[in-house]
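The data below hold one chain only, encoded as structure tokens and taken in the form predicted alone.
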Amino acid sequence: MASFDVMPDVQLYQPAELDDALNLAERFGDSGWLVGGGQDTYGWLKDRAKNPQAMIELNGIDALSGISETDDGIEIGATTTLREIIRDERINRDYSLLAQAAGRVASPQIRNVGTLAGNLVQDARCWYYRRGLACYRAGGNICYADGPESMNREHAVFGASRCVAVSPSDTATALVALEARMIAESTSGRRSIAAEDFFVGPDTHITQMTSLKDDEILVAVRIPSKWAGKRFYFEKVADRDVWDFALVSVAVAMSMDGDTIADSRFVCGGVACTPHRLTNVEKAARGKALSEESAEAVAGLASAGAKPLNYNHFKLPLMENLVRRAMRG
């Protein structure tokens, strides 16, 4: 008798109110799966690598979508699409760094349906993990990417602790640079988490990439006015311009005092398990003008402390060059 590979039964819930979604998240915990645009979700289900008991679709909840002004900046709902962010007049005027980063996510078709929260909370893209192997991140006791013959060209050069997968989110780097805060909610209440603390490395939690609890939903992102209208730089280097994740990216926010840098935030993607702040570059850049001379003075600091794997040494000079380009203005 022939056997067929079919997807297991999954209950689908489509709440229209946030309270209902929060109750479902509490009820199902880690056996529930929150769905926004579904671009990460359906890949996992198709490959049979994840088997949630229930899927909770959030797109029907009006309270989770849209972009609004606050007393100190803007708030972006979790299910706001990347396309909406790219086209929003306020974001392009005051926080164009985020619009630039969102514009480099995947392809136009994916940006049309992909949500901000979905891009932020997507899981690691390491192919060993995605194939369903029992690595550390999957609850096993080995990292298949960290070996003499491992294929680790895309993996981390900073912050590895057993797992060497990198954060795959393009918008995460921009939001860390903009000092955004993530608003997480559960039936127990709401909490505000600094973007820099929202993303966690394997030394903090080996099977998670964010600090969200099982019963929490990321409901919004708030960007303060501190960096509104400042000088920004974003660049992403990938194998292909469409679809690919970053080999290395940089998101920079600079506050200028005349012709010199008064304050800055340099954040790299594709080099660590979380968006990686270059605090040594930020300190060295303070008081410098945007020039070739300044670029050469600080660029070498970008790779300080890196521990490359067999096949990703190229990320070190690539980081330095991206910082160099940002500092040239």
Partner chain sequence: MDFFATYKNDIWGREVLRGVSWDLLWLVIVAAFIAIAAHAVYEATQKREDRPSSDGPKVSRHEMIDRAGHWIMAISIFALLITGVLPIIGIEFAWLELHWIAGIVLTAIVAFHIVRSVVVKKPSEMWISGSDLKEPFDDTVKPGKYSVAQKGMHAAVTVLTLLVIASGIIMFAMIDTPWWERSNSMSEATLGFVFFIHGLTTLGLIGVICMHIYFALRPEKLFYTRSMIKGWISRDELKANHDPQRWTPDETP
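Being a predicted model, the structure only gives us computed values, none of them experimental. Positions refer to the first chain, counted from 1.
One more form of this protein, predicted together with its partner chain, exists but is not displayed; see below.
Residue in contact with its partner chain in the predicted bound form (any heavy atom within 4.5 Å), chosen from K213, R125, H205, R153: H205. G147 is the sole member of G147, G229, P224, P108 with a non-hydrogen atom within 4.5 Å of its partner chain in the predicted bound form.
Although the partner is absent from this view, V164 contacts its partner chain in the predicted bound form, with a non-hydrogen atom inside 4.5 angstroms. Interface residue remark: C143 is counted as part of the site for its partner chain in the predicted bound form, having a heavy atom within 4.5 Å. The shortest heavy atom separation between A134 and its partner chain in the predicted bound form is within 4.5 Å.
Contact check for A138: a non-hydrogen atom falls within 4.5 Å of its partner chain in the predicted bound form. Listed stretches are 252 to 260, 72 to 80, 196 to 204, 109 to 117; the contact stretch with its partner chain in the predicted bound form is 196 to 204, by a heavy atom cutoff of 4.5 Å. Counting a residue when any of its non-hydrogen atoms is within 4.5 Å of its partner chain in the predicted bound form, the one hit in 290 to 315 is K307.
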